[in-house]
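In the form predicted alone, a lone chain appears below as structure tokens.
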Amino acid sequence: MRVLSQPSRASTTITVVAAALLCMGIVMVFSATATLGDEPLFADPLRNPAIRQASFTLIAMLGLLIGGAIPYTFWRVRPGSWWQPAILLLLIAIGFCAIVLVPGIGTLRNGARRWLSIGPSSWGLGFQPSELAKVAIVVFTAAYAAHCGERIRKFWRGLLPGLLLVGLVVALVGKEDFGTAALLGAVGVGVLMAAGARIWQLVLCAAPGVAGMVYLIVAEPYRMERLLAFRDIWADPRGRGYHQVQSLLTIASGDLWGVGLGAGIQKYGYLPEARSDFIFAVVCEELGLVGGAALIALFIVLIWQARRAMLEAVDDLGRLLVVGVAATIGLQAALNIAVVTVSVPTKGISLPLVSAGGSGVVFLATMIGILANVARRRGREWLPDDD
């Protein structure tokens, strides 16, 4: 069988949908950044969130193209070779996730040490290692499980080594970012399960993982406060429940068709994190239920085309990469929307490709490029007149 690399319906749709989400992100971040002052838009472009988002989106587009151009087989495990890109990427991610926790190196923002500063402080630029960890977890678990093959069903020589490395990344990220840590753990376990790992072995290993998650919750008072606030957001609508109440009010204000793009009111200081974690609420306010449903539909189309790419993948590595990328995008989008609609307790997790942020937009777009690359590659039987 010969593997061909050429555009397919799935790869084209995945790329177009990703570009549409990125463009929608630019528009909504520009809208959510609006102020009542008269400061010119380009007065301080390095500090202006809207200009920065547009710049990050251009870089993300480049990452999407690069991820789609590099053959996904680049990430395969090479037996007997020192050159192991997937393992190297994971080690780099682990290093950055550890360094960011060091006081004086990691930058403290909103009470959490999740960023590494880039360039002079006047630029206000930062890099979030947990976003790199998302790519590393997907690539490593897919490459490792594909290399193991049937051996992934053996606990000591197959499942455990991979699971321990996933757990290490989750622990480092979870120290300051519980929501992303939970997402990484779910994606890593999901890829291993798709590779054929025994479910009872995963359940057995889940006990210490659950214990660790409980510890991460009780170790930080603000996480317990979020859980208590979620039980009854109306008990303290101006205090612990303020964020959730304002999110629901923002969504309800949009009704069916919305108040109009740029005409939203809640973004003017009423809804916290309007351009980042809670941008979906701004979408619903300005574009209404129709706009919110259209945004959700784009994610559904993306995941559905990923399913198609998975079914047509020519090898285990491609199939598992698709599972990992689709799980990351799908779970993150679902978690964000669930938080904004107050279906789950508040977590610091963004809406993929749409929320303001540089690291998340760039690395997630690159992952989708890898997904599109898998969708491009299909098998074809050798024919007598083949070159």
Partner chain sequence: MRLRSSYVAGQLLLVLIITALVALFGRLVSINVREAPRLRALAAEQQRSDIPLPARRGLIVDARGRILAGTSLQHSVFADPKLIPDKQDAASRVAKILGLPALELGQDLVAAGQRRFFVIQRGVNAAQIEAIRASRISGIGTFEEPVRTYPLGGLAAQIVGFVSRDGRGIAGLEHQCDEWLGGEPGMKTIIRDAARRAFWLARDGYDPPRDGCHIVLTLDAVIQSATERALRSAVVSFKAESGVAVVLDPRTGAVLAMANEPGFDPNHFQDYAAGSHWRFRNRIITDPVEPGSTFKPFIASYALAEKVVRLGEVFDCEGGLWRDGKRLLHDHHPYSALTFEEVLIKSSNIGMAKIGKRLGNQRLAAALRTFGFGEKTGIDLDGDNPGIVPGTHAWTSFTTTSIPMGQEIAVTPLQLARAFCSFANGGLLVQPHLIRAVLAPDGTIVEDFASPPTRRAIPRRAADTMKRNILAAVINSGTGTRAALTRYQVFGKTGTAQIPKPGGGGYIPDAYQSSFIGGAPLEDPRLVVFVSIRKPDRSIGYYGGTVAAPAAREILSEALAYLRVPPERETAPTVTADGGD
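Predicted model only: the values in this text are computed from it and were never measured. Numbering follows the first chain given and starts at 1.
Keep in mind the form predicted in complex with the partner chain is missing from the figure; the text below concerns it.
Only one of Ala194, Val100, Val135, Leu172 lies close to the partner chain in the model of the complex, with a heavy atom inside 4.5 Å, and it is Ala194. Between the options Trp75, Phe299, Phe178, Trp115, the residue in contact with the partner chain in the model of the complex by a heavy atom within 4.5 angstroms is Phe299.
Taking the partner from elsewhere, no residue among Asn48, Ser55 and Val139 has a non-hydrogen atom within 4.5 angstroms of the partner chain in the model of the complex. In the model of the complex, none of the heavy atoms of Arg223 sits within 4.5 Å of a heavy atom of the partner chain. Residue contact check for Ala327: one or more of its heavy atoms lie within 4.5 Å of the partner chain in the model of the complex. Residue contact with the partner chain in the model of the complex: Leu289 places a heavy atom within 4.5 Å of it. The partner chain in the model of the complex is not approached by Thr33, whose heavy atoms all lie more than 4.5 angstroms from it.
Contact with the partner chain in the model of the complex, judged as any non-hydrogen atom within 4.5 angstroms, is confined among 162-170, 206-214, 268-276, 90-98 to 268-276. Contacts of stretch 144-173 with the partner chain in the model of the complex, defined by any heavy atom lying within 4.5 Å, are made by Ala146, Glu150, Arg153, listed in sequence order.
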